[in-house]
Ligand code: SAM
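We begin with a single chain expressed as structure tokens, specifically the form predicted on its own.
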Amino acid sequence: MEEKNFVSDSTLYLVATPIGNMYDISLRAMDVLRRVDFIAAEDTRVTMKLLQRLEIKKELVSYYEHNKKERGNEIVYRLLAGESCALVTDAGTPAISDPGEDLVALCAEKNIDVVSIPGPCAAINALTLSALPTGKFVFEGFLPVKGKERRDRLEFLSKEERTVLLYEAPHKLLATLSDLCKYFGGDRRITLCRELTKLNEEVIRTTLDTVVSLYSENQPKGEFVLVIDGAVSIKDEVSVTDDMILERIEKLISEGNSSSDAVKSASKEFGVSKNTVYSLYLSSKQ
């Protein structure tokens, strides 16, 4: 298989960097970082530490959210003049919840070649560890912080049938989990991936109500990726009748289960949210 191991003039390279474990840097990524004319970095201090460990000396320019318009034009000018540039973020793949999307669009507009150097991405890493469906998924990045925009997004995602991936910071984690529990239902499956590829990597596979209880009592630490099971399709829910659910609940109760346990078991068996089943059961008793 032919390999393209040279760096071309007038080309932007999107270089994925480690999200924690330094050994995840690829040989190709290191080669590109050595060969380009300059590197555009989200935080030059973070990238400088990486380059020092790799024993690479290269000109660094900053490219981040608050200077991306002005600096993007400067980078494009240099690319059009024949220079090559590598774009990196603090960790992971550029343009995935990190700076890069606008610069790629600007290069496309100016017919500048863009080459992506594959590598670490926290969202994909978490998805593979989740034990949830991976065939179809939707990446949401960070939720809106507050207000109607956040509520509307949560309401929309609560009906999403594909696996949902979110990023969240530790100081906002409990609030986000509580909101997810409210809109998605406490019995929705979730996998929390913390400090991926690092020494304290942790993967928790559980339900939303359980994890809200966990972090109500324990202070979250580190960066999190949340992988949430998709909603049961409307088509599947239609095939399950109210009578079927109620008959199953009554049978479970007759076998000695509490009404709460019976509702929970019926919810899992029929793939209908626990809140829906509980409301149905209460209505049948009134």
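Values in this document were obtained by computation on a predicted structure and should not be read as measured data. Heads up: residue numbers just count along the shown sequence, starting at 1.
This next part talks about the form predicted together with the ligand, which is not shown.
Although the ligand is absent from this view, report whether Phe142 comes within 4.5 Å of it in the model of the complex, heavy atoms only. Yes, Phe142 is a contact residue.
Do Lys159 and the ligand come within 4.5 Å of each other in the model of the complex, heavy atoms counted? No - in the model of the complex, heavy atoms of Lys159 and the ligand never come within 4.5 Å of each other.
With the cut-off set at 4.5 Å between non-hydrogen atoms, does Glu168 touch the ligand in the model of the complex? Heavy-atom contact with the ligand at 4.5 Å: present for Glu168.
Indicate whether the ligand has at least one heavy atom within 4.5 Å of a heavy atom of Glu223 in the model of the complex. Flag for Glu223 set to yes.
Looking at 145-153, 205-213, 76-84, 113-121, which stretch has residues with any non-hydrogen atom within 4.5 Å of the ligand in the model of the complex? Single hit among the candidates: 113-121.
If you check Gly185, Gly100, Gly92, Gly72 against the ligand in the model of the complex, which one has a heavy atom within 4.5 Å? The residue from Gly185, Gly100, Gly92, Gly72 that makes the contact is Gly92.
Only one of Leu106, Leu127, Leu196, Leu177 gets a heavy atom within 4.5 Å of the ligand in the model of the complex. Which one? The option sitting close enough to the partner is Leu196.
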